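Shown here is one chain on its own, the form predicted on its own, set out as structure tokens.
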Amino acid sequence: MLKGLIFDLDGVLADTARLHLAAWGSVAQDLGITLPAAAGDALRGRSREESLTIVLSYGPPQDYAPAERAAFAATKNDRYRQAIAHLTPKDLLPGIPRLLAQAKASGLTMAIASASKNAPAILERLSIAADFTGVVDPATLHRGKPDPEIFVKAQALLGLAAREVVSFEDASAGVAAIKAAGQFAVGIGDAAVLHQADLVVPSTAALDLAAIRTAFGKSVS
């Protein structure tokens, strides 16, 4: 029986993935690095340290000291926080307000499984913080996606079993993490990229709780 929903944040609830990419792009530019188009998917769902490693991999090999890497990551975060300061409920992606309303009306509990340390601030800006029972603290994680740890922790925050939740992701690494956690995965985006998901929709506008329940019911029957 479906009892809870777990959401990634960037690119699932709001289009903050573009803000992450822009902030990393500006740091890369400072270092003389041009990020390719493929960087967007590579960075999606990754921790700050993992993202920095990916960004630096697009430049010439260079052995940066830990203090230098920390400074690059801090600069990125400062620029990202400046960008999210302007978020409002209007920045929720299409279909998300309806889905959250449907979930609340159905008595489903919800949690956030995001690698972003800024998730609580973003939820407040979007005026949806009260909709969620819990938010996984990235500082408690030992491994990033595609490891299932973050989704297992989100499930624990809800006090539910894997067979009782549906999780939402827009990145291939995130979908892999959901499946490794034994949960039902809804992928948002390109079906070819998110082929591991149990259900794929082209955009958040296509999300509908009744359709998700039907697909979920078939998977656990």
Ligand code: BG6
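The first residue of the shown sequence is 1; numbering continues from there. Quick caveat, the model's predicted, so the values are computed rather than measured.
The same protein also has a form predicted in complex with the named molecule, omitted here; what follows describes it.
A.B. asks: Which among 178 to 186, 153 to 161, 62 to 70, 41 to 49 is in contact with the named molecule in the predicted bound form, heavy atoms within 4.5 angstroms?
C.D. replies: Single hit among the candidates: 41 to 49.
A.B. asks: Can you work out which of 79, 98, 104, 117 has a heavy atom no more than 4.5 Å from the named molecule in the predicted bound form?
C.D. replies: The residue in contact is 117.
A.B. asks: Looking at the named molecule in the predicted bound form, which residues in 145 to 164 have at least one heavy atom within 4.5 Å of it?
C.D. replies: Going through 145 to 164 in order - heavy atoms within 4.5 Å of the named molecule in the predicted bound form - there are no hits.
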